[in-house]
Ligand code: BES
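Form predicted on its own, single chain, as structure tokens, below.
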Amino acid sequence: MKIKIEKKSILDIESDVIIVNLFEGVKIPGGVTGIVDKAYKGIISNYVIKQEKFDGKYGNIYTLPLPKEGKKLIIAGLGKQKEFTPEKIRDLTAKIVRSIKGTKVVSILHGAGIAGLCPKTCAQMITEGALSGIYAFDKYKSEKTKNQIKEFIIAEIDDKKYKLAKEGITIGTITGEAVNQARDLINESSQYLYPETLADYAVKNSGVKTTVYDKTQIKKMGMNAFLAVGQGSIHEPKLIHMEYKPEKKAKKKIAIIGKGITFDAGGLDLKPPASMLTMRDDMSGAAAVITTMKAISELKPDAEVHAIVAACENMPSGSAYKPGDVIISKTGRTIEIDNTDAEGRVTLADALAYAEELKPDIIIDIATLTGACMVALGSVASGIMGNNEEKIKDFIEVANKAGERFWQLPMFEEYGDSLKSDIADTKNTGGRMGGASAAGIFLSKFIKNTPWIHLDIAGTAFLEQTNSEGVRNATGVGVRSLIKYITQ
């Protein structure tokens, strides 16, 4: 689907579908919706509003055929004007796109009229929503998803709004495509996506310089914790390092780390079958950082960015690491394996140490790390922790603008009591209570001096029920926030 803007009246653009909007409680539409209403002899005010009682409540959509034209008119409810936000534009557009049967669609620039929102932001939200709405992972289905939209056009005649909206479409396209690419990676079956193929994907698709290290090289780096997790699999672990450097001097240097467990069986502490079914999603953090780098290569921010993925499978076999093993990590800190299913933090321990050697201004890791975070926050928000309060607050604010929610969880030292070991510096897990915070404490011990943020996306990365955008299964969570944070 191609998304573009045309500097024409919405009535002068050839299309199968026209999309306009209505705030809740409006009886006589104004703006572009009013122009369409008058052109069709009051079809919105006299028929849709008066007779059909369409009230413009947020998320309500009214569709009707236009007389003698063979096209359809969609009126989207925006809800109460004072409660309208850019994020609602994205969600609403996704919903509309999923309902459309047509090849060429023209839309009003939602939010840029009486709502007074920035046209650039509005266009970006429409674009991201349209790309999200059209997404489907039907690679292995005989009958493909039938969405016939080939062109999605935003109509805007005001010169200033047109120019700003055009910029928004560019950013929205790059961001929306990155999210969908992450979804593709996460939804892919682990029989086809494993450390080697994930590394190949990063090399071919990240858009930046990418170095892949094999098992021998990883061993030489002292990354024994990472290697321990992957030693039960027939697939060799891969350390993936992607790097972007701007042409001019970088204003900041950021390292992002994505948990890359391409399948998590739990190791010898085997997961129950039901819990194992969707464990292809345990590389959602890796998917987020790989596709973020692709977006960064196109947006070209004034920041040096390094993305790191320690990719492996956590499988049970005769060579698998065992409960009770003591592993010497890259930092020299020793880890007693209390449970082989708490493997993500073990790989991240070495990845964090590797990232810190690059001397970044900040390290951000993103991981489907703990079921405890899922229990605490459900699928509504992701967890966030770290060692720098100011940077945590900054990230939360940026993520909110990107339409992703993060909720700070505490990292009181008492949460680390359950990680105390009699034979090593730390255990990799402890009791059931406060598990997400204990995992954060564990990771913090492998950071020396660098500001660090930990994002736990266990509850938001893969959904059994559809979210506000209508997305089910892989969500691509974190991509929008990382892109916005890096490019701000």
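None of these values were measured; they are calculated from a predicted model. Throughout, we count residues from 1 along the sequence that is shown.
A second form of this protein, the form predicted in complex with this ligand, is not displayed here; the remarks below concern that form.
- The single contact residue among L268, I134, M279, V398, judged by any heavy atom lying within 4.5 Å of this ligand in the predicted complex, is M279.
- For the candidate set N187, T370, S233, S206, a heavy atom within 4.5 Å of this ligand in the predicted complex is found for exactly one residue, namely T370.
- Although the partner is absent here, S99 sits far enough away that none of its heavy atoms falls within 4.5 Å of this ligand in the predicted complex.
- Contact between I392 and this ligand in the predicted complex is not found at the 4.5 Å heavy atom cutoff.
- In the predicted complex, this ligand stays beyond 4.5 Å of every heavy atom belonging to I441.
- Interface residue remark: S319 is not counted as part of the site for this ligand in the predicted complex, having no heavy atom within 4.5 Å.
- Comparing 85-93, 342-350, 238-246, 135-143 against this ligand in the predicted complex, the single stretch with non-hydrogen atoms within 4.5 angstroms of it is 342-350.
- Along 374-408, a non-hydrogen atom within 4.5 Å of this ligand in the predicted complex is carried only by M374.
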